[in-house]
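Next up: a single chain in C-alpha cells, the form predicted alone.
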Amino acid sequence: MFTVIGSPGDRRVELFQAALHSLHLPAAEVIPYPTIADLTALPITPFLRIESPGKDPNAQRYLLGMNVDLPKGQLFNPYRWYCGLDMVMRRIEALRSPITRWMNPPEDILIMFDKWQCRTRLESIGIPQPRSLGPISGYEDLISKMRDARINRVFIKLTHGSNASGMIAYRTLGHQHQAITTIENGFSRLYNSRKLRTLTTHLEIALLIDEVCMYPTHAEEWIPKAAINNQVFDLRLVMIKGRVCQGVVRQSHTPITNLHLLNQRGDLDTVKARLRPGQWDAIVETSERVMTAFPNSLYAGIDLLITSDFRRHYVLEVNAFGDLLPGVLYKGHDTYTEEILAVLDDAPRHS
C-alpha cells in the first residue's frame, strides 16, 4: 500500500514500518535516496511518503553531490544540500504514478525546508511570527539592521538549516556581547555540536557570524520565551489532517530548545494550566491556520513559542519531517499510526 522514499534502517522508517505492522498492513517498500536517479518509475502503490534522509551518509553524499566521506558534524554548504533535495523532489514528481497519492507533496516539503519561503507564505495569511530583519550578508549588515529596527537580540538562522544547525542566538547591550550557538570552529571549518557554546568576545562573535553568512542566512527578533521551573520552553506540535494531534514541550536552560541537544521534555498539561482562559484554543487555531498554507500536506511539525509573560504566541518554524515524537500518543496512537489512519480514512472508497 505504501512506498517510502527514505533511508533503510533509519529510525523514522523503522517506526513507520512498525506502525504499519501494528495495523496489520503490509510493510512499505523503501526506496533509498541515492537510487532515485537510476529509476524509470516508482512502485505503483496507493500512497507515497517522502521521509527525511536522516543521518545516512550515502543519502547525505548524494544530496550534496559529493563522493567523499563526510566528517561527523561538519557543516557543509546547506544551500548545496537543499539544491540536491530539490533535484530529488523534482525527480520523484516525474516518476510518480498519477494514481499514487502523496502524503506530503514535494512542493510543500521544499517550501518548509526553505525558512525564508516558508516565512513569506505564513506572512501572507497573517500567522504571528517574530519580527524579521531579512537576509543578512555578515556581521556589519546584521548590526546595521538591528540598529534600524531597534532590536538588541536576534536569532540567526541558516535559511536551509535544520535541527538548529548553524544557529546563533546573539544579543548585545552597549559594549557587551553574547552569542549562544551550536557551532564549533575547527581548522577553518564549521561543525555542529550538541553542546552549546557561549561566546562573549566581540571579534570572535563577528567572525563567526561572517562565516555563517557565507551561506544564505536570515535573522529574526529573539523573543524571550515563557519559563517553567526555571527553564524556558517552546512547543513542537504535530499537525495531522489539519488538526493538532501530538505535542511536546521542549525545555532548556538556554534559548535553543531542540531536544537532540540533550534538552528535556516538559509536561504539556502543566503548560496548559499556566495559560490564560482561551489561550490554548488560540494556539490551536493558529496552528490549524498554518496548515491552510499547505493544504495538500497531511502532516507537519510546528514549532511555536509562548512569550515570557504568557500572553502571546508566535510560530517559529514549520517542519516537513517534524513528526518524530517517540512515545507521545494521541488517542492511543503515535504520530505514524495516526498519519496512516488519517490517509486511509481520506482515501477514495470503491464498492
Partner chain sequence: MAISEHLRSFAGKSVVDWSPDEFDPQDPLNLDVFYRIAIGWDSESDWGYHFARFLAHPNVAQITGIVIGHWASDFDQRDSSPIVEALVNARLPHLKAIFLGDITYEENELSWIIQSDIAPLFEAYPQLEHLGVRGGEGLIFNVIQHAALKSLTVQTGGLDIRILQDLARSDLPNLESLELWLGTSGYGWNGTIDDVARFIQSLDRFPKLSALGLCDSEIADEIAQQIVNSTLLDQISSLDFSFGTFGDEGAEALINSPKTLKLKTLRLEHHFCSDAIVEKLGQLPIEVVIFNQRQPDTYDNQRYVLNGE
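Numbering follows the first chain given and starts at 1. Source: prediction; values computed, not measured.
The protein also exists as the form predicted in complex with its partner chain; that form is not presented, and the subsequent description refers to it.
request  = Give a yes or no on whether every one of 16, 58 and 160 sits within 4.5 angstroms of its partner chain in the model of the complex by heavy atom.
outcome  = Heavy-atom distance to its partner chain in the model of the complex: none of the three under 4.5 Å.
query = its partner chain isn't shown here, but in the model of the complex, which of 68 to 76, 211 to 219, 274 to 282, 114 to 122 has heavy atoms within 4.5 Å of it?
reply = After filtering at 4.5 Å, what remains is 274 to 282.
Exercise: residue 98 in contact with its partner chain in the model of the complex, heavy atom 4.5 Å = Judged by the heavy-atom cut-off of 4.5 Å, residue 98 is well away from its partner chain in the model of the complex.
4.5 Å heavy atom contact, residue 309 and its partner chain in the model of the complex = Yes - in the model of the complex, heavy atoms of residue 309 and its partner chain come within 4.5 Å of each other.
request  = May I ask you to check whether residue 126 falls inside a 4.5 Å heavy atom distance of its partner chain in the model of the complex?
outcome  = Outside the cut-off, so no.
inquiry  = Does any part of residue 137 reach within 4.5 Å of its partner chain in the model of the complex? Heavy atoms only, please.
reply    = Residue-level check for residue 137: no, no contact with its partner chain.
ask   = So which of 84, 266, 105, 255 reaches within 4.5 angstroms of its partner chain in the model of the complex, heavy atom to heavy atom?
value = It is 255.
key: Heavy atom within 4.5 Å of its partner chain in the model of the complex - residue from 133, 249, 180, 190   = Among 133, 249, 180, 190, a heavy atom within 4.5 Å of its partner chain in the model of the complex occurs only for 180.
request  = Within 4.5 Å of its partner chain in the model of the complex, which residues of 223 to 238 have a heavy atom? Give them in sequence order, or say none.
outcome  = 223, 224, 225, 227, 228, 229, 230, 231, 232, in sequence order.
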